[in-house]
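Presented below, as structure tokens, is a lone chain in the form predicted on its own.
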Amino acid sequence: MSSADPASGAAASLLAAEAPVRNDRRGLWGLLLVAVPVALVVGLILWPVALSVLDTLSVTTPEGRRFSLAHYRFFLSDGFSLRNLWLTIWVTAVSTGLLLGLSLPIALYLRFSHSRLAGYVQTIALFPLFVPSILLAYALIRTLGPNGTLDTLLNAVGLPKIPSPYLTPWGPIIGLVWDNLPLTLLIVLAGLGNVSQAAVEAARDVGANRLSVLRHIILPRITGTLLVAACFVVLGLFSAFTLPWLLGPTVPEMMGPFMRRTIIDVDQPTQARTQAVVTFLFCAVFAWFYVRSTARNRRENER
């Protein structure tokens, strides 16, 4: 025993001396792995965005380019641009409210139901996740468009036609709600996984009805999740293009089609970049809410 102890001590000392070297190598490999995606993000996204922002903050004069807010003054004084921005905000707000209002009861049913029907409901609710947006737009046009399937069915039973949402602000709302329902539902469903079944049953045992359980047990535990879902939805809806372009009106129009029309049809790339920066600023506010909510949830989980 006495001869083995010095050897064990030497081995332990050697391992202790090599430990910082291994940690340094792991740290170096970690930095190299992170460097590739960071370089791609900087080179392909942040650098072009920075150049576009600088371009919107300058004008060309006979003496050269100089700093100016003329492009933003034009955007904020142009009634057509402001109508498009307001339509985008309105469609985003209505769609986000409808998505949360539809996702929450479906997620509650899927979370607390043990029937076989829950599986079918989940399959139907997640089905739009596998349908491309352009096919969805075509299906909605054939169904809800003028002389579409719905009009044919109403005419067959002797009922009058209903006003078609196609090429109105409600057209992209219906399409965006249908398209974003699976993602919103999955986020809310993941948040409901943190709600303890024992807490719900304990509340029911003391006489709480369903509304009281929802208000005092479930909602306080998924408020952060609902905020994260709302931020994700807003970020996606505000920059949506395909469905607003195919289903929405042309005057006014949402910011995505508006930017496309400005840069291609009107040939005003700098003004289109200005519209993109304004759109980015709105999205950045909700991105800040998302980062703040995620950091707060992580701190609460670590306690």
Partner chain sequence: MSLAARRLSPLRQLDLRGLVIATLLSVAILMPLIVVAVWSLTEIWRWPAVIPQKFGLRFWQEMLGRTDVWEAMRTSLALSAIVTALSTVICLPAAWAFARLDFPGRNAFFLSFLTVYAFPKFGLYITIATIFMGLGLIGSFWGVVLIQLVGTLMFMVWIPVSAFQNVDRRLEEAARDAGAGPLRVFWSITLPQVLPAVSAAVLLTFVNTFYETEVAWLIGAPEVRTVPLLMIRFINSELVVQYGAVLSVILWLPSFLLLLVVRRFLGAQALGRALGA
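Take the two forms, find the largest set of C-alpha atoms that superpose within 1.5 Å, and that set is the rigid core. Positions refer to the first chain, counted from 1. All figures in this text were calculated on a predicted structure; none of them were measured in a lab.
The form predicted together with the partner chain exists for this protein as well; it is not shown, and the discussion that follows is about that form.
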{"query": "Triple contact flag R73, L211 and T223 to the partner chain in the predicted complex, non-hydrogen atom at 4.5 angstroms", "finding": "no"}
{"query": "Residue among L181, V91, I218, L98 with a heavy atom within 4.5 Å of the partner chain in the predicted complex", "finding": "L181"}
{"query": "Contact of S196 with the partner chain in the predicted complex (heavy atom, 4.5 Å)", "finding": "no"}
{"query": "Touches the partner chain in the predicted complex: G256 (any heavy atom, 4.5 Å)", "finding": "yes"}
{"query": "Partner proximity in the predicted complex: V121 to the partner chain, non-hydrogen atom cutoff 4.5 Å", "finding": "yes"}
{"query": "V251, heavy atom within 4.5 angstroms of the partner chain in the predicted complex", "finding": "no"}
{"query": "Neighbours of the partner chain in the predicted complex among 29-50 [non-hydrogen atom within 4.5 angstroms]", "finding": "W29, G30, L31, L33, V34, V36, P37, V38, L40, V41, L44, I45, L46, W47, P48, V49"}
{"query": "Shift of F282 between this form and the one not shown at or above 2 Å (CA, core fit)", "finding": "no"}
